[in-house]
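Only one chain is given next, in structure tokens, and it is the form predicted on its own.
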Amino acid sequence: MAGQDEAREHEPWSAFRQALLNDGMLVATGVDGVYGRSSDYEAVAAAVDRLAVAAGGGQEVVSLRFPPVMPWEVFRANGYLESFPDQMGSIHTFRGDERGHAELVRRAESDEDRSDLLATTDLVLCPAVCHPLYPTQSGSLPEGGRLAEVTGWCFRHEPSRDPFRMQAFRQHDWVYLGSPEGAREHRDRWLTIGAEVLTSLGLPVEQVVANDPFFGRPGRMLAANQRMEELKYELVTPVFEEGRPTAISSSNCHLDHFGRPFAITTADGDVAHTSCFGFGIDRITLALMDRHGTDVLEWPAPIRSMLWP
């Protein structure tokens, strides 16, 4: 264990993580990838989120906010379970009697396994902020499709001490629902818009073809197809002393992956295609602190004026 801790001290992210903790920007909770956040951290995150909203100004848009939980039936229908079972967060609760409750308390106090005393609910933690949107859009879309923006918390079970790999984090997504051509155009246009927003904050970005971390052998084929068809792009920025490319925004063409299960159709009656561009609110906030330091008052004046005009 000591050797493992020593190795962690030499990871590229270790000095940055320690600075965030020492300066109180993040507060450790004892679980890797789950942090408390200071008011200064939240002020930056809120400013980044405002920029994400302003980037789409002047467009007719449906704005929706969902809680960090979603119905199991929506989760099951959207295919996440098949593609990323290792990242899901299922919500469980106790439904037993008094004797079972006493046993649950005893096991908790003894640090014993409690799983057989807990029952699944009809809720899961939301893995992507756009997922609760699609079942609300069932039916025929208007001519030209529909634009929506959603923001909120996500959970993915990927424990890591690297601060850029949080288990609980925020996204702000701009989503298009409509024709295949419209979905591609939305993806490409927002890659340009997103890059402009990020570079205005002093974050150099590069657009790269990417793939999602699909699970298992079939997942490797899905990932290869996703890269071959260039369905997913990421905007990466260099972080830490070695300049590790790290995704802080991404854009994804889903084809009819959400249109089909949720019966979303175009004005012509075809199955709708969708695409989204996501600002990684926490990753952008961390990238700003990695580049400009954890003392926000010392940031360059142009950056501060962009965030707090």
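These numbers were taken from a predicted model, which means no experiment stands behind them. Heads up: residue numbers just count along the shown sequence, starting at 1.
Although it is not shown, the form predicted together with another copy of the chain is what the next lines describe.
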Listed residue (R189, R161, R227, R114) with a non-hydrogen atom within 4.5 angstroms of another copy of the chain in the model of the complex: R114
The single option of I193, A223, L147, I91 touching another copy of the chain in the model of the complex, heavy atom within 4.5 Å: I91
Stretch from 267-275, 246-254, 46-54, 63-71 whose residues place a heavy atom within 4.5 Å of another copy of the chain in the model of the complex: 63-71
Check all three, Y134, A210 and H292, heavy atom within 4.5 Å of another copy of the chain in the model of the complex: no
Any non-hydrogen atom of V197 within 4.5 angstroms of another copy of the chain in the model of the complex: no
Contact of Y35 with another copy of the chain in the model of the complex (heavy atom, 4.5 Å): yes
Y233 within 4.5 Å of another copy of the chain in the model of the complex, heavy atoms: no
Another copy of the chain contact in the model of the complex: E42, any heavy atom under 4.5 Å: yes
Those residues of 254-270 which, in the model of the complex, come within 4.5 Å of another copy of the chain by heavy atom: none
